[in-house]
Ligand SMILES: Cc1ncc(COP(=O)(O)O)c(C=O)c1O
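The form predicted on its own is given below as one chain in structure tokens.
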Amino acid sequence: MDVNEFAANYYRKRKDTDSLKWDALKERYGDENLLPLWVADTEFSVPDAVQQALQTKIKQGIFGYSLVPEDYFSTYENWQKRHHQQTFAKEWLFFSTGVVQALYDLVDCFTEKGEAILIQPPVYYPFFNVIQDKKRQLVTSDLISGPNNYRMDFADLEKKIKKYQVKLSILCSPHNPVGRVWKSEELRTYLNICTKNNVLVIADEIHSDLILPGNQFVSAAEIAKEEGVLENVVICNAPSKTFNLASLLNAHIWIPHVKQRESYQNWCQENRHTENSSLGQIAAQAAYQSGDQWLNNFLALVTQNYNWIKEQLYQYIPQIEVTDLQGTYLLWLDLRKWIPPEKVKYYIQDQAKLAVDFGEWFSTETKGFIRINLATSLANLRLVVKCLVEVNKMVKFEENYSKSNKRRHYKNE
């Protein structure tokens, strides 16, 4: 199946389906007529095997208390081996309703109020929320922006860890929103700095399956195993981004070290008595067992969309800087050479009628950026480019008008 066949078979119109992305535009943006490019889910239905597994369960007509399917772990383990050459032990695995919920729980478990937690902006904004909501001290070590890409500032990272006595660091890998897939040596340096300073690392690896050609994802757990520092790492991931399963509320927490596992189990005994999502686990198991080709096709579509929109923007609005996309289906755009940062909402939302994630949501330093979701149809992206080209005409007109006024002013003087 090629990309066009995949799109034709799996693309769905989601408006008026109680979709957060499509049907909450009035609530979130104040305008229900925007084209949604924001929240990280997709317009593509799940693999056929997932639908069939769920239909089989639904036909039973009983949704009482359930056990984790007996072979869930082996299916999940085989997926990790096939896709990431990753091995881990069954006793590492815990379940959560989502990675964000897992972060709230892990922060509560492994730190105390007032203790410092470090993140690397621009970064997924719930990272800020969990630290602030849990009344921990927020410490930031900003990524360094280079030509169309980002890297970690290791000197600043270690400086901040020591200065604020950081207890925990949240790693986004692959990174959302900048699309970096961290290399082994980057992860090794990061983990060694954290280990040397007794910092526990929680790695959010929810986008680990969404890797574009030419890049290779490596789990922080694999590097920690090589370095002999598994006690310093906790991993969070889920099938939700990979297979568009967010509402089925099934995510994974890996806790490799027995001491950390005991701490988490004790915390759960006092704070968490939630049942697992039976439908979420059934869907995930079917996806991990039979979703390889579906994922290959989906990634081919994302890659095609990325290459297409990058070429279009370069041709029509070259002032927009497109960050290299190595992983995720979320594209980070720098608009600052095109339009003033304070006018991004006016041009992008009010005029182009696009619902995007604004740069200042990810960092105070990235006002003037936007994040857009490429996991949609090429027809929608054509509309995006068309709207941006029309806005570009407005931008040029206003620039020319402003220059004309300045010349007139100087002449009168």
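Because the structure is predicted, anything quoted here is derived from the model rather than measured. Quick note: we count residues from 1 along the sequence shown, nothing fancier.
Beyond the structure shown, there is the form predicted together with the named molecule, which is absent from this document and is the topic of what follows.
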So which of 198-206, 183-191, 80-88, 140-148 is the stretch with heavy atoms within 4.5 Å of the named molecule in the model of the complex?
-> 198-206
From the list 240, 281, 305, 289, which entry has a heavy atom within 4.5 Å of the named molecule in the model of the complex?
-> 240
Select from the listed residues 331, 130, 172, 166 the one whose heavy atoms reach within 4.5 Å of the named molecule in the model of the complex.
-> 172
For residue 100, is any heavy atom within 4.5 Å of the named molecule in the model of the complex, or not?
-> yes
With heavy atoms only and a cut-off of 4.5 Å, decide whether residue 348 touches the named molecule in the model of the complex.
-> no
Though only this chain appears here, would residue 35 touch the named molecule in the model of the complex if you measure heavy atom gaps against 4.5 Å?
-> no
Answer with yes or no whether residue 124 is in contact with the named molecule in the model of the complex, where contact means some heavy atom within 4.5 Å.
-> yes
Listed by sequence position, which residues of 30-62 have a non-hydrogen atom within 4.5 angstroms of the named molecule in the model of the complex?
-> 40
